[in-house]
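Encoded as structure tokens, the following chain is the form predicted on its own, with no partner shown.
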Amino acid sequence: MAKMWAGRTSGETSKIADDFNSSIRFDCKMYQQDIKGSIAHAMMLAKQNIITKEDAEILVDALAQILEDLNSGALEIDMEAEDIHMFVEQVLTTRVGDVGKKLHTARSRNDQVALDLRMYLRDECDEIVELVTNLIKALCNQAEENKSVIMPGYTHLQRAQPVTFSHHMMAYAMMLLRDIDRLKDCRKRMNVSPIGCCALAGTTYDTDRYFEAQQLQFDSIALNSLDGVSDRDFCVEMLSSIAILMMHLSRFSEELILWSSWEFKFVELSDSFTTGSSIMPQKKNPEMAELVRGTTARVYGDLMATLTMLKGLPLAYNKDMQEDKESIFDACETVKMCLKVFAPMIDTMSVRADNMKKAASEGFINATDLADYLVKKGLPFRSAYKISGSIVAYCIENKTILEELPLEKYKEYSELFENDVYDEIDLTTCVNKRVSVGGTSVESVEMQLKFVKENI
């Protein structure tokens, strides 16, 4: 296939070099954005009388037909082409002749690829935000259905204090809300048009970059042409946002893996989102959650690869920057697949309230409440803490729990103990008296649910 850039050189490269140089195998994803960008560019050229309106109409109609043919499958992308820009231009020139050669006036592949990538990732941002929103809705559904379910809260993976299952679900909902904020914020900086920056220095033609940006729904334009073609901050920022999102999904996956084990048995994942063993018939493996946890590492790698690729590049465009797309495309596809499986996995998950309550009852997680009881009676907290610790040690030694310890034994540690101590250390009381904003009480969780629903 003839090279559009033949002239200074013969345009002839070896097959090995062609394959190494080509990006069509991955930038073909951006064919819609490339064609839409070209349509806007043709309209701008006509508006500024750089080409005739008749020529612009021919270009716009032909580009629209190419887009329709690609969408329908009537036209297939030629994987022998150098990149998506060259493929579209070659098809266009084949169909309309020399008029097609006018389209590339006042632009370069440098600003063209930057435009396509921003438009493509803008769409990806919107799709990922929608998928995260679906997951948050699934979390809210589980929280609504399990408002009063008590489970042990952990620190250092040791039972710490009683919380509600709904409170735990809302913790992940808050993380995911921040992920949405990051993606939307990233999209704002992404939505800046580089087209018209040309190769690096702008153009001698009297273009209207603002018009072209407006046609493509950009908020503004890149005000420095060197920066416009060489900026990939938006890729790094989006990769960072996706990496943080994947970290949240991975943490949640780890808990689901633990909770669905026989050692916990707090939840049971639907058969639709688990697998069996080829040799052990009793197994029900949480492999979807494990895959989410595992693919998080790949997204981290995508982020580090892009940062490393960019760190030594002088201005302006360098061919190294071709490496940006595979990393960001991989991260986008990975996080979308994880989110698509995660939301229904949460929605269909069964909560074992009985096992959660049993675990909460056996770990002395109401010991802090026992200390707080004495504080309310006038004892300094450190003294109350010591007494409570001593009582817990006695219970462990004598294989009993705080709720079953006789009042007479309590009084051996402090005369401040009365019969009302049993109400104070009841797990339901322990949970529901934590009414501070953000706490685990049903009342507080209802506020959290309201906030989350209003912000998705």
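For clarity, every value in this text was computed on a predicted model and none was experimentally measured. Each residue number is its position in the shown sequence, starting from 1.
What follows is about the form predicted in complex with ligand ARG, which we do not show.
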In the model of the complex, segment of 133 to 141, 381 to 389, 190 to 198, 102 to 110 with a heavy atom within 4.5 Å of ligand ARG: 102 to 110
Proximity of Ser444 to ligand ARG in the model of the complex, heavy atoms at 4.5 Å: no
Exercise: Asn71 in contact with ligand ARG in the model of the complex, heavy atom 4.5 Å: no
Exercise: Gln322 in contact with ligand ARG in the model of the complex, heavy atom 4.5 Å: yes
Any non-hydrogen atom of Gln448 within 4.5 angstroms of ligand ARG in the model of the complex: no
Interface residue in the model of the complex among Tyr120, Phe273, Tyr317, Phe218, criterion: non-hydrogen atom within 4.5 angstroms of ligand ARG: Tyr317
Selected contact from Asp231, Asp330, Glu124, Asp83, since only one has a non-hydrogen atom within 4.5 angstroms of ligand ARG in the model of the complex: Asp83
Neighbours of ligand ARG in the model of the complex among 148 to 185 [non-hydrogen atom within 4.5 angstroms]: none
